[in-house]
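Look below for two forms of one protein chain, each set out as structure tokens: first structure 1, then structure 2.
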Structure 1
């Protein structure tokens, strides 16, 4: 029982990252139809920026996380403007290629600038906590709580603010939104900024627990794609729920069935589910 609880906790922590990354990805893929395959690399970049701010400029942990979000937000806008916007209206594979180009560019640029050895951010909250028979660290609890807060804030932003509602409007009907005077380009920029900032936040929160390497986002982005497709493209609730579910599946499947094949479960599930329902589990028929 203790083991089960421990695995559930591990799953939730893992799921928090997945949810934040998937949420960012569903904004750009589900809403703007940009298969941003470089999303994992923006995540990676976010972690490096945080590391850089803390180790070189002695930023406090939270100040660094927030600065990293802002910086990645700007990077996201640039990416949208120069890598994806020129390709709107072309065959879908073109954006995919562009994304792959960006992925290769980012991964190797980071390796050139910061080197390939793994980096580590010192633990801001290293103490161990005992809870309901589970042993964990404060940092892990902070990841879980911070993820929930940020997800709620994003929901509020999108539902309750003018800027946020324009995103939803574009998601529902691009042409219609344009007709009522919404600047679609601006909305695209904003969406990319939010998406990248979220990736940066997830990476920065996790950074003290994990190692930072140029390839840290490679597998994560695949998982995020799995999540948002299962959760239904463009559905934010689907991405959040999917993120936590995948985290749990991995920790329970990995812990109780087979650790070596735990990633196969996720990717296998996607292939099968798409075979049965070609537009995703909760997806609506789209173009």
Structure 2
């Protein structure tokens, strides 16, 4: 039982990270209706910015995390403005190619600046915690708590603020939103900023636990796409639930079957759920 609870806890921690990354990707997909394959590399860049601020400028951990979110928010706005916005209305393949180009550019730029060797941020909270037979570190608990807080704040922002309402309006009908006076370009930039900031937060929180490398975003973005397809394209609730499902599947499968195949379990879960519900958990049938 203790092993089971330990794996469930690890799955919730992984799921918290996946949910934050998938939420950002879902927001961008809702605005542009094009998958942003560079999202995983923005996640990677967020981890490196945090590492850079802590190692070179001696930032405290939370100061570095918040600074990384702000910096990646600005980067996200620049990406939207100069990479994606000029391609709106063009064939989707153009945005796809631009995303791949941006992915390669970010990955190689980080490799040139910081090198290709793996790095890790020193543990800001290394103390061990024992709870209900589970042994973990404070940092892992912080990942879960911080993710829940950020998810709740994002939900409140989307549902309770004017800016959040405009994001929903543009996601539902870009031309209609423009006709009623919504500045869709600003909404797109704001959405990219939020998306990139969430990716930076997830990466920064996980950086003291796992090693960071220039290629760390490649598999993660694939998993994020699994999550948003699993939850239903464009569904924020689906992205959250899908993230935690994927984390639990990986952790339980890796813990009780084989850690070597934990990534295979994730894609297997996708196939199984889509075979039962092709639109995803929260997807709607198209008319």
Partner chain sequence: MKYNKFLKQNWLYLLLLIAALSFPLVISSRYYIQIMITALTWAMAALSLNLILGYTGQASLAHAGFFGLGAYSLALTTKAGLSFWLALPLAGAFAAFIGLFIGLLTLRTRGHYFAISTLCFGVIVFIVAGSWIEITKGATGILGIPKPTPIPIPFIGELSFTSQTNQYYLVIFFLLLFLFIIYRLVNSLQGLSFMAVRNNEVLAEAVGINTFTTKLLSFVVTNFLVGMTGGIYAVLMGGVSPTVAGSNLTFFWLAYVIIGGVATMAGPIVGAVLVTFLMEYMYSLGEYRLAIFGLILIMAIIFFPRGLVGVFTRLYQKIKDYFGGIRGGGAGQNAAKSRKANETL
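Positions refer to the first chain, counted from 1. For clarity, a rigid core is taken as the largest C-alpha set superposing within 1.5 Å between two forms. From a predicted model like this one, the values you see are computed outputs, not experimental measurements.
Assignment: the form predicted in complex with its partner chain = Here the form predicted in complex with its partner chain corresponds to structure 1.
With the core lined up, does the C-alpha of residue 12 move 2 Å or more between structures 1 and 2?
-> It does not reach a 2 Å shift.
In Å, how far apart are the CA positions of residue 272 between structures 1 and 2 with the rigid core superposed?
-> Displacement of the C-alpha, rigid core superposed: 5.9 Å.
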